[in-house]
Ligand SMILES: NC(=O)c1ccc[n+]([C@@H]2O[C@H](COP(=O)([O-])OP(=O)(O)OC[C@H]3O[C@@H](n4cnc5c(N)ncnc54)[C@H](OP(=O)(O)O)[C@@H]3O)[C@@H](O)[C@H]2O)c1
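Only one chain comes next, encoded as structure tokens, the form predicted alone.
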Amino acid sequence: MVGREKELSIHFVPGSCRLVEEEVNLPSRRVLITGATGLLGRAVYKEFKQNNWHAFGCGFRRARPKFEQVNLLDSEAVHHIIHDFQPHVIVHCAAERRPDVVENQPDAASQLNVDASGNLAKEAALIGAFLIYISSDYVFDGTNPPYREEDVPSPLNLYGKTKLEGEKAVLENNLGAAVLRIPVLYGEVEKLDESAVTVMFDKVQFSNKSANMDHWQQRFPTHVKDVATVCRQLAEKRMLDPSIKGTFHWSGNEQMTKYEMACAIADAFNLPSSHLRPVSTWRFVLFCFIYLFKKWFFFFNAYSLLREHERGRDRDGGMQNPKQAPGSERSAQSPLRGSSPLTVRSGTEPKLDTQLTEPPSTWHFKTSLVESPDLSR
């Protein structure tokens, strides 16, 4: 994998075409990207490859034929791939980010987001590779944005908790690693549900049906190409300056609600947006209250019927009395547990003292400082 390798190319001549195997020189700088099949991973792989890096991508379900298939939960396989390739930099994009999967399969999510990340950090430290761990703004509760790197995390959901635990595992096993926290992403998707931004397109395009859109949670949508640029420049800066390590924040500069994002999508595709209905804070709270009340009422009735059934059995020697009036006993509290809605936050930029050599592709970077960092110096 290091130095030179053989590559197949197609040669066209009048009347025929043939495959030719040629030896090609590989760039001296090597980077390993995990999760290279995902939305961010694809952008990171492309960014490094186009900037004179020998990029090696790995994935799992969608790996073949472009990328290497590696199960990150297999510590032996991870050890071999890292020691064979000998990367200078590892960008760890792989994670279980789907909230429903994380909640329904917490052990599996923790194994990938926490255990595998810690093991990867340990293997990177053994060969002196610089590890960039991609984390999330969901490690914060959203009550006091914008957040700086030194602010104390307080995740609300299980996904945020696993990402925070992953951060700790990485930094404990590799003191020279970097954690890059980013917000909601968008970019060139293979399917709409790859991004929390593009997934809204269905509601936008079907204008014959009104759609309620959140218009109070502030988000900072960020293009994956911009994050990929930051990753590459962090890596290049680190190769010149070993002090580049620790926790960094990065996000787009545009502050938008879901409603505003949906309207922007409609604008971009020249679609109507009159069917999109902004839902403000009080309307959202009222909606949640009604939803929870309906759920509580359902469980309350079910509980009452169950108690009525049990009393009927006791009174009639196990036979139910269908005319029995509902009992007066009530559940002490609702079986549902609500949680505060997450207000998505903006992050701050890496604490480096310069400006990007290439301008961001679509969105400006969000920062609380006067100037954006230039990682090229």
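The first residue of the sequence shown is number 1, and the count goes up from there. Just so it is clear, the structure is predicted and the values come from calculations on it, not from any experiment.
Below, we turn to the form predicted in complex with this ligand, even though it does not appear here.
A.B. asks: Among Val101, Leu126, Ile290, Leu73, which has at least one heavy atom within 4.5 Å of this ligand in the predicted complex?
C.D. replies: By the 4.5 Å heavy-atom cutoff, the listed residue in contact is Leu73.
A.B. asks: Quick check on this chain: which one of Val204, Ala228, Ala169, Leu185 has a heavy atom within 4.5 Å of this ligand in the predicted complex?
C.D. replies: The option sitting close enough to the partner is Leu185.
A.B. asks: Establish, in the predicted complex, whether Ile90, Lys122 and Gln233 all lie within 4.5 Å of this ligand, using non-hydrogen atoms for the distance.
C.D. replies: Judged in the predicted complex, none of Ile90, Lys122 and Gln233 sits within 4.5 Å of this ligand.
A.B. asks: In the predicted complex, which of the stretches 131-139, 272-280, 205-213, 236-244 has residues with heavy atoms within 4.5 Å of this ligand?
C.D. replies: Among the candidates, contact is made by 131-139.
A.B. asks: Evaluate Arg62 for contact with this ligand in the predicted complex, applying a 4.5 angstroms cut-off between non-hydrogen atoms, and reply yes or no.
C.D. replies: Arg62: contacts this ligand in the predicted complex.
A.B. asks: Within 4.5 Å, heavy atoms only: does Arg97 come near this ligand in the predicted complex?
C.D. replies: Output for Arg97 is yes: heavy atoms within 4.5 Å of this ligand.
A.B. asks: Would you classify Glu149 as touching this ligand in the predicted complex, given a 4.5 Å non-hydrogen atom cut-off?
C.D. replies: Output for Glu149 is no: heavy atoms all beyond 4.5 Å of this ligand.
A.B. asks: Report whether the minimum heavy atom distance between Leu112 and this ligand in the predicted complex is within 4.5 Å.
C.D. replies: Contact check for Leu112: yes, within 4.5 Å of this ligand in the predicted complex.
A.B. asks: In sequence order, which positions of 37-59 have a non-hydrogen atom within 4.5 Å of this ligand in the predicted complex?
C.D. replies: If the 4.5 Å heavy-atom criterion is applied to this ligand in the predicted complex, 37-59 yields Thr37, Gly38, Leu39, Leu40, Gly41, Gly59.
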